[in-house]
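Next up: a single chain in structure tokens, the form predicted alone.
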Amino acid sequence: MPPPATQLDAFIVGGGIAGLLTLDALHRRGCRVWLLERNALGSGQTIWSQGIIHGGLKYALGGEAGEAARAVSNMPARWSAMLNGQSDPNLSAVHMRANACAVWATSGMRSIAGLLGAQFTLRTKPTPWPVDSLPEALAGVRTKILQIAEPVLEPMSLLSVLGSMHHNRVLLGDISSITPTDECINVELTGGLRIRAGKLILTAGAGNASLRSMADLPADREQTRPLQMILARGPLPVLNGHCIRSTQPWLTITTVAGDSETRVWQIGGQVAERGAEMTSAATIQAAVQNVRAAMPNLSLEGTEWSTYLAPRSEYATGQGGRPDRHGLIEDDRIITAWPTKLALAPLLADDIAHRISANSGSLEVPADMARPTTATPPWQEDRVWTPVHSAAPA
């Protein structure tokens, strides 16, 4: 006879930031809840991210605080409270890259006007960067350098802290079947473990579509927007911030912790979005040119460059554009969710938690079951690195 099913209030599939924060929220509400991860915690969008807790700057550059800007406007303060240990979950052990981002514009009038417009519309407004502590990388920049209270965290550290916090509620495995009934959702894992859950929560990013198909739900509620991120490593100064061109973040740069000889920059923004349609070599060449233009006094001697594809899986908007908020679909007992951005994950967790009642109390995953490790960040993977001289324009 098959083993009896484990009874849960909720079963979460997908161990990125959305799944882990939802697990935390439900556990604190007294729910009997487990999380299943197929690979490693955060593999995919969370570990690919730059760790910036956006406060709406990139959405307000046109001078109007639209829906997207309003959605994230309170998120830096909420994340800061968690990162300072002042609210749950206590994330004070998470390693930080920076407590604020630098913001500067190219010399074009539209860029400067866009940045000034954002200052009038944002709830958390950019302020002048103190002249006695300007980032080394921005020496020689002729436009005003501002700072905005957008914390920057280390995604791998965030995943590790949350994974350790909920070690006894997380398991490694894969799903072989999903069978909805009027009373519950029956889930069977490869290996024979059976789950009987009041709610099934899908937070698996790009994996949501196949899971929905397994449950006989439409798989077309998800969209993918491509992105090719750039990495630079070498004797680079610490920099976390945005260079604005026209009304768009032209370059968004964050610095991985390390000594002065081995620092790594993650580079996103327009150059990464356009790179989605280019080869890696062409994307690197464009990134080198853009960095030189944005920071004219910065030496790139001794640096190496690489790229990685980081497609963004999101709730489908119908037009293919970026969603303004997190996405959530509730199909009876199955909830499918996408956070849209790292910053919005706590709001998504709240939204899900308010839909689920606690009936059973806490239950730990048996100690003999496998647990997922934390995902490896892109710069620690085996990859081809290009010296800057071969990527520079002729």
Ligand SMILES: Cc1cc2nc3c(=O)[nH]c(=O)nc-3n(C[C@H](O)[C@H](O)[C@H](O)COP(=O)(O)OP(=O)(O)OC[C@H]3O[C@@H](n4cnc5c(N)ncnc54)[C@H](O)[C@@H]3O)c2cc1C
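All residue numbers are counted from 1 along the displayed sequence. Keep in mind it's a predicted model, so treat the numbers as computed, not measured.
As for the form predicted in complex with the ligand, it is not shown, yet the points below apply to it.
J.: Using a 4.5 Å cut on heavy atoms, which of 273, 324, 136, 174 is close to the ligand in the predicted bound form?
T.: It is 174.
J.: With the ligand left out of view, choose which of 263, 312, 199, 169 has a non-hydrogen atom within 4.5 angstroms of it in the predicted bound form.
T.: Of the listed residues, the single hit is 312.
J.: At 4.5 Å between heavy atoms, is residue 357 in contact with the ligand in the predicted bound form?
T.: Looking in the predicted bound form, residue contacts with the ligand do not include residue 357, since no heavy atom lies within 4.5 Å.
J.: Quick one: does residue 369 come within 4.5 Å of the ligand in the predicted bound form, counting heavy atoms only?
T.: Heavy-atom contact with the ligand at 4.5 Å: absent for residue 369.
J.: Contact with the ligand in the predicted bound form for residue 10, defined as at least one heavy atom pair within 4.5 Å: yes or no?
T.: Contact with the ligand, no.
J.: Is residue 336 a contact residue for the ligand in the predicted bound form, using a 4.5 Å heavy atom cut-off?
T.: Output for residue 336 is no: heavy atoms all beyond 4.5 Å of the ligand.
J.: If contact means any heavy atom within 4.5 Å, which of 42-50, 361-369, 327-335, 25-33 contacts the ligand in the predicted bound form?
T.: Of the stretches listed, the one contacting the partner is 42-50.
J.: What are the residues of 316-354, in order along the chain, with a heavy atom within 4.5 Å of the ligand in the predicted bound form?
T.: Counting only heavy atoms within 4.5 Å of the ligand in the predicted bound form, the contacting residues of 316-354 are 339, 340, 341, 342, 343.
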